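Next up: a single chain in structure tokens, the form predicted alone.
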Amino acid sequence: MRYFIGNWKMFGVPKSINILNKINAFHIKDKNRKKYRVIVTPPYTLIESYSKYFKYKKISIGSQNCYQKEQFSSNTAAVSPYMLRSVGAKYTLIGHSDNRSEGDTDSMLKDKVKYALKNNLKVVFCIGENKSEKKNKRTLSVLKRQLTKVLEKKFNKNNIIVAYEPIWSIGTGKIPTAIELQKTTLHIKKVLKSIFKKNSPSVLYGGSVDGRNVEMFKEIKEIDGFLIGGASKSSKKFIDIIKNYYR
């Protein structure tokens, strides 16, 4: 199974559902539809209405983050995994570089993963190195630390997806070479296997993915799908990524 996950970030109002309607219509007719899953993470404000609308359709709705407590607390503006599940979310991103830069620690991320899984949310756990870490050849050690500090053998690996997003690539148009990406993805899967012992979670790539470079990515069989930022806000660009992947 391949995954095409759209991260809308701070984008979208109720009428933006038209973007997803076009993607859903494409998916229904696509001859490759059984080979992949489409997930979109809109802002909190749209999760409930979109979840209800797409409940019996081909697009799954998720959250871009969750708080590190299970149900309710006195933390202003926080949204817990329990609250997300109650309004229909099926997935949540955790550990995105935006949130790490705002103070998410490994301990906080571990609690987020634990409580998300406990509330039957599937977790898309984001990891990635910054420009300095890449320059100093620390990519593999950084990714190993990010994985081993948060994920545990007792977590349900069937409900975890790992998304590798090199921070230096996000929104820049710069991407790793095919050789770099294959080496990095194999390393991630090796670390995951050391944590979970048997079959490891799927590993996605994210970072300036578009309809042109996805043809290069599809040659790397170790990549199980994509976490897509800017291109997911356009139905045409998102559909082009899927079309070109299976072309």
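We number the residues from 1 along the sequence you see. Treat the numbers as computed from the prediction; the structure is a model and nothing was measured.
Keep in mind that the form predicted together with a small molecule is missing from the display, and what follows is about it.
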- Give a yes or no for Lys9: in the model of the complex, does one of its heavy atoms lie within 4.5 Å of a heavy atom belonging to the small molecule? yes
- Item | Close approach of Glu165 to the small molecule in the model of the complex, 4.5 Å, heavy atom | yes
- Message: Residue-level contact is defined here as any heavy atom of the residue lying within 4.5 Å of the small molecule in the model of the complex; does Gly171 satisfy this criterion?
- Response: yes
- Does at least one non-hydrogen atom of Ser208 fall within 4.5 angstroms of the small molecule in the model of the complex? yes
- Task: With the small molecule left out here, work out from 51 to 59, 200 to 208, 32 to 40, 178 to 186 which stretch has heavy atoms within 4.5 Å of it in the model of the complex.
- Result: 200 to 208
